[in-house]
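A lone chain, given as structure tokens: the form predicted on its own.
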């Protein structure tokens, strides 16, 4: 599902604040830069508000944010809906015992880690990131959560790049996005 199809007037303001940077971080990549959105308090607040409106009252107990930009959107969503925030980090960034999941990006390979015990079996989880491209990162996040017995309710991203078909890799899990770029 996409909020941009719902014609919410806030979506246009959000979309105009996202800058596209060609050939970053590698040639051929059109990087969706959200730092320009973060500089606009109204656009940033509208972004958080749209996610909170969707997830309030859905009995979500865990908001799992993918490093690094999922850390920007995840905590305020978690606070607003009364859930805990669980960071999903790059390798060797979390102290203590972790579980990990490797995945393939559109421009390389990576890994996500989560603290052992951060999520309990049966908890209802929302995965938050800034963007879905090929879907590898969100799949790794879902695998980590499901490995410990959590129920992934939905994935939420600010931006989707539909031509990269990442949505199709999510094993049928719902995906909610605010903005699509062709």
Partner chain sequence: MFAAENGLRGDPRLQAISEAIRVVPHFPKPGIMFQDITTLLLDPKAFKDTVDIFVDRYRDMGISVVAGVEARGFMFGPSIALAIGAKFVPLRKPRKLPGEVISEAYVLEYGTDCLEMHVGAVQPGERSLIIDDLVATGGTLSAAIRLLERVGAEVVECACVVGLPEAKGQRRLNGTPLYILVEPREIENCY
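The structure displayed is predicted, hence computed values, not measured ones. Positions refer to the first chain, counted from 1.
Another form, the form predicted together with the partner chain, is not on view; read the next lines as being about it.
Per the 4.5 Å heavy atom criterion, the partner chain in the model of the complex is contacted by stretch 112-120, the sole one of 140-148, 112-120, 51-59, 153-161. In the model of the complex, none of the heavy atoms of residue 165 sits within 4.5 Å of a heavy atom of the partner chain. Mapping the unseen interface onto this chain, residue 99 falls outside it, with no heavy atom inside 4.5 Å of the partner chain in the model of the complex.
At the 4.5 Å threshold, heavy atoms of residue 29 stay clear of the partner chain in the model of the complex, well away from it. In the model of the complex, the partner chain sits within 4.5 Å of a heavy atom belonging to residue 79. Residues from 19-47 that approach the partner chain in the model of the complex with a non-hydrogen atom closer than or equal to 4.5 Å are 19, 21, 24, 31, 33, 35, 38, 39, 41, 44, 45, in the order they occur in the chain.
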